[in-house]
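Coming up, as structure tokens: structure 1 and structure 2, two forms of one and the same protein chain.
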Structure 1
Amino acid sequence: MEVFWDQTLRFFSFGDPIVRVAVAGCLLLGLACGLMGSFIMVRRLSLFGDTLSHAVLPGVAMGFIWNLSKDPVAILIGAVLAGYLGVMLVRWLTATTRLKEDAAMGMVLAGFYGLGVCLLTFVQRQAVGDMAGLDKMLFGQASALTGTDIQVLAVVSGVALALVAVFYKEFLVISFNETFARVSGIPVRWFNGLFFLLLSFAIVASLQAVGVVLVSAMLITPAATAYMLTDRMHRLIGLACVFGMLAGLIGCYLSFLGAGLPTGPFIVLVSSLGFIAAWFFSPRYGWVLEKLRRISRRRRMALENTLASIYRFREGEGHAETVALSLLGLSRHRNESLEEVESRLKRLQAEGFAKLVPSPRTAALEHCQVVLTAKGARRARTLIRNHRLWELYLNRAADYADDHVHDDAELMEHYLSEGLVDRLDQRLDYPRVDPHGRTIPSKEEARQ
């Protein structure tokens, strides 16, 4: 434990030059990948990003062979050219053969990656030049980053950020509707070329930290996490950049805790855990909260169905208040257990929709009389109005048979807004009876 705290203090004090370089590299990596990954996500080019990340590997090896040293600039140029060649090859195969885009990307990914591994293996067996960190290109190692690598990453991230800021409107339109962009006079081919060039730069600059195998995960996962939290593009980009940088920082810290731990897998793991958290707990799209909302909706519908049942019972008795409706009677009327009805009536009572009046003859709870409050009666009339208008609409407009409209109306009565109900009422010429001959409460009656 003492070693753990010593390592943690050493890392977050940023006194070690290696730590400073590694952290700076991982933060810049997260920024670049989050920025470009946001556009990949909305353009549905996730597999394209994976193809491009693998296609740059031969260029990495050729950049080293160029001057027999690990020159970041030479490697950057070689990798970008290889990546761009991969993109053009995918487009050429798609345009000139019967292959679909996914098949073409799969072929280019496998072919370029295999060539890159062969070239790297050949280079590493030669006793030439400075090869420090070249073997980390597959899985990444932030500690192998140099000051020159950080400068390259900073330039790439800065250029990408500046160009996206300047041409944000054009990138946005192309990402969501290329046809509209062409009609609007935007040079789509030019901007697509610029986009893939920036993407290639971001991938190449990130190789040293996360490696060829995992860089595509850093392009997709932070953006996917942000996608679970917002529907606005500018917020998605901002969140993706923040999540990417956080994953880079935390992944770098975790790999620093033990000797020989790779940085790339830890960064991707942290990013994946962030996505899982968003998937479960996102306020709008989270699985857990959506599950809770569904449970709440089912409970609300059950309560409202009980209100409607009480109203229908009173309606069948001519709304005579002298006719008692006990808990036991309501249970039989709804064909439900006494425990279920009792539980719902207690909730309705707590919300002010109903009252339970003790029976004068017995103290037994099941013989208590159920009485709607004024609030409960208004809500019940509204539900009945929604239900019967929807039944009539299905019968007239959708040609549903009289005996087939109830189930759909039973569901829709809980979701119809007041404005939509008013439009239905107007379209149906303010009807007074439903397909079964029962009275439809008017808008004024529903509000009484």
Structure 2
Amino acid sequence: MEVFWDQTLRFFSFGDPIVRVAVAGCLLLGLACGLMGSFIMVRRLSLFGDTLSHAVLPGVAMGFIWNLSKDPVAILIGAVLAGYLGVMLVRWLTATTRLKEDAAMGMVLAGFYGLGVCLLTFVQRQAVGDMAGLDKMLFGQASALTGTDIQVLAVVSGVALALVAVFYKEFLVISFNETFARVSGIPVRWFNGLFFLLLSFAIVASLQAVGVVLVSAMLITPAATAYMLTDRMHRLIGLACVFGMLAGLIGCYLSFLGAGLPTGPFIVLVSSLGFIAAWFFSPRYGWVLEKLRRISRRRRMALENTLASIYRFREGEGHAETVALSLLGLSRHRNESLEEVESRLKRLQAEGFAKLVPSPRTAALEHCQVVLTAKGARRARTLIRNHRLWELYLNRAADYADDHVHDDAELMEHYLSEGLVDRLDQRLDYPRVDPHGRTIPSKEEARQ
């Protein structure tokens, strides 16, 4: 425990230069990956991103072999070239054989990765030159990042950010509708080339900290998380960058706690947890809130149906609001158990729609009188008005048979807005009688 707090303090004071470099690296890679990943995701290029991230590996090894040192620029160039070669190979395979893109990508991905691992192992066996961190390319180790790495990362992220900001509208329209972009005179090929280059940069820049195997997750997951939360591209990009950076920071911290643990899996894990949280709790597309909304909708409908039943019962018995209706009577009328009706009425009472008045003759709950408050009566009349107007509308305008309109209206009465009901009323010329011959409360009556 002591150690835990020590390490935490050491990490978040950012005093240790190694920690500073590692954190800067993880933040920058989160930014770059979130940015490019947003486009990858909306363009449905996830598999492409995965392929590219594996295809760069032999280039990384070659970049090292080039001058036997871990020179970030040489590695960057080697990686971009290898990535380009891989992508071209996929194109060539799909164009000249019957293979489809996914098969071609799958092969190129695995083939290049295999070659890369072999080359890296070979380089390490030779044990020449300074290869600090080269063995960490597979799973990533942020603490192996050097100051030069950070400079390269910063330049790469900065350039990517600036170019996307300047050419945002071009990238947007190309992603949404490429042919339309072309006929609008946008040099699509040029931008796609640029996109490929920026993406390769982001991938290579992230290799050292996240590793080849998991880079594609860093591209997709923050973007996918953001996609759960927003419907606008610029917000999606912003959120994806923030999520990427957060995952970078927290993942880096977690791997730091257990000294020597690979960073990549932790960053990806944090990022995935973030996605799960968004998937469950997103206000718009979240699973939990959708469920809650559905439950509360159902409950409201049940309450409103009870209100409408009380109204209908009275109407059937004459019309006077003084007709006595006991809880038992209501339960028989609604064909529901006494407990169910009781709990509904308790809720209605709590919300001020109805009151339960004890019977003077007996203390038994089932003989309590159900009385609508003014508010409850208003709501009931509105529901009845909605229901009957909708029935009449279906009957007249949509040619529904009389005996078919009830079920539909039973649902619609809860959803019709006041404006729509007024328009219905007007369209039907302010009718007073529904298809079953019952009175439709007018707007004024409903309001009373």
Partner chain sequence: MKPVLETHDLTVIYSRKPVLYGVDLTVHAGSIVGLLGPNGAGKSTFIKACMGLIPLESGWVELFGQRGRKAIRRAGYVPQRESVDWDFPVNALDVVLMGRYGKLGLFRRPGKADREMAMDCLRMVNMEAYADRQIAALSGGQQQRIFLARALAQETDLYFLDEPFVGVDAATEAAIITILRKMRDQGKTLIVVHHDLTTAAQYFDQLVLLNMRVIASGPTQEVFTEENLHRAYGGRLTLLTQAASERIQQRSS
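Not measured: the values here are computed from a predicted model. The term rigid core refers to the maximal set of C-alpha atoms that superpose within 1.5 Å between the two forms. FYI, numbering is relative to structure 1, first residue = 1.
Shown as structure 1 is the form predicted alone, with the alternative form given as structure 2.
Under the rigid two-part model of the rearrangement between structures 1 and 2, Phe275 and Arg344 move as members of distinct parts.
Hinge motion between structures 1 and 2 is captured by two rigid parts, the smaller swinging by 14° against the larger on C-alpha superposition. Taking the core as the reference frame, the CA atom of Arg297 shifts 3.1 angstrom between structures 1 and 2. Taking the rigid core as reference, the CA displacement of Val421 between structures 1 and 2 comes to 7.6 Å.
Once the rigid core is matched between structures 1 and 2, the CA atom of His436 is found 9.2 Å away.
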